[in-house]
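Shown here is one chain on its own, the form predicted alone, set out as structure tokens.
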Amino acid sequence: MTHHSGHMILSASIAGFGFHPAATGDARHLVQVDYYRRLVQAAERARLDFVLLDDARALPEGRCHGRLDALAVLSRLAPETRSIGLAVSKPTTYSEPFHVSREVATLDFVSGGRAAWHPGTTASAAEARNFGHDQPLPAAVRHAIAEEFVAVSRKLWDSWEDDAVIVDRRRGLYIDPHKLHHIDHVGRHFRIRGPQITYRPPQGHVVVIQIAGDHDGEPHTAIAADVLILHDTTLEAARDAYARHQAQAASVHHTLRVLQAVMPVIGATDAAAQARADALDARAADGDRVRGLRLVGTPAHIADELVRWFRSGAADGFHLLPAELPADMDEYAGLLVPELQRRGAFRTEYAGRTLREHLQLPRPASQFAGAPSEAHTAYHG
């Protein structure tokens, strides 16, 4: 089973200096919008489906690299892009759904329907102490919070039906009072009346991305996510995982895109690529390792391998983890993607406007559509 368009999905993470443990750079770039502008615009030149920018809740251990707020950066760059999806990591631990759901919905509005959200969890002791906790919350608690957080956020996005705003001057109504809903959520971790302050996002629901294995306790079920990123290192394991997650999604009539994380290390020749990979590995500290699949070789060699995995039913596409930034993002745009396009495995132009259209994900209907509304007694005129 493959992505039904015949074209693979491609996305990339753009945080820091790269995802090889030995990647380094000028720390001043991490607090300069120009740095992220270069990365996002290179990804858009490559026609990638989306970029993902991680957020941070504490300084990294052993380093003092400052970081800008990821959501603010992507909101700033949204008007300077036209088609690329903009995915932000916004942890659920020590946060509130009412605030975060509005923030990521705002990104969807300012980008014209291109927002995605990775609702990760916060697991480190340093992060816990920054929020008044002596120790991180247990994994099971973080997992439960994250699952409820996403479910409540979807309720809040649905609290305004799509056609709630009517601007009826004759009757003196700005909204149809029967299409605005209190969500009245009462759960184990959150109690929220609603409705949300923003209207329903352009995509209906912001695309939700889950990354398997980031932290213990992070949900990565096929039902919780629209896009699931895995880290399998063999074709057999990837095919088994793909079939399992897609079967789970199909059992509840949910459309899911499954990506495999991959770190391409590109060189003009296979030998040059291997020499680059060896040099990076030699600089890495003992015990540091690359998570997920690593492919080393020429752009043609790496493209062949990605196409083989894609057409073997191992994934709907790939989430690229650049070994070194910003250089690798330029190589994806100039070298790797053209090879995939020559093989007919990747688009040459964007076909849709929203990220859901890129990913061929349906736009969900509001779960409150047609339901009785108590909100009309308080919100009218």
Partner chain sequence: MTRHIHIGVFFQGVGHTIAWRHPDHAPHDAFETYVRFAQTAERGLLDFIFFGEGLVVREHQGKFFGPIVNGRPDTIALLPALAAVTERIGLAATISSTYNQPYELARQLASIDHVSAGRAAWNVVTSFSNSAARDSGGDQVAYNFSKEKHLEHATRYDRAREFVALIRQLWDSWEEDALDGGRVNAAKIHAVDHAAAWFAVHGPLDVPRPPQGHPVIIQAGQSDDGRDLAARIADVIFSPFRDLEESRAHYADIQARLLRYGRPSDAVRVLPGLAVVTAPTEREAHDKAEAYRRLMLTDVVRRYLLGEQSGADFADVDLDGLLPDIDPSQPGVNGPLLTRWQELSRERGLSVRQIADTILSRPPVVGTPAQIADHFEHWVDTGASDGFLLTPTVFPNDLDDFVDLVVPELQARGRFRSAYDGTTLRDHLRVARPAGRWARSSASVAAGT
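Given the structure is predicted, the values throughout are model-derived calculations rather than measurements. Residue numbers count along the first chain shown, from 1.
Here the subject shifts to the form predicted together with the partner chain, a form of this protein not shown in this document.
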- Query: Can you check whether residue 309 is within 4.5 Å of the partner chain in the predicted bound form, heavy atom basis?
  - Reply: no
- Query: Do residue 103 and the partner chain come within 4.5 Å of each other in the predicted bound form, heavy atoms counted?
  - Reply: yes
- Message: Under a 4.5 Å heavy atom criterion, is residue 276 part of the interface with the partner chain in the predicted bound form?
- Response: no
- Message: Residue-level question: is residue 113 within 4.5 Å of the partner chain in the predicted bound form, judged on heavy atoms?
- Response: no
- Task: Identify whether the partner chain in the predicted bound form is within 4.5 Å of every residue in the set 139, 149 and 240, based on non-hydrogen atoms.
- Result: no
- Message: Please tell me which of 280, 175, 256, 302 lies within 4.5 Å of the partner chain in the predicted bound form, judged by heavy atoms.
- Response: 175
- Just one of 250, 272, 197, 284 has a heavy atom within 4.5 angstroms of the partner chain in the predicted bound form, so which one? 197
- Okay, which stretch from 242 to 250, 291 to 299, 164 to 172, 226 to 234 lines the partner chain in the predicted bound form, with non-hydrogen atoms inside 4.5 Å? 164 to 172
- Going by heavy atoms, what in 31 to 48 lies within 4.5 angstroms of the partner chain in the predicted bound form? 31, 33
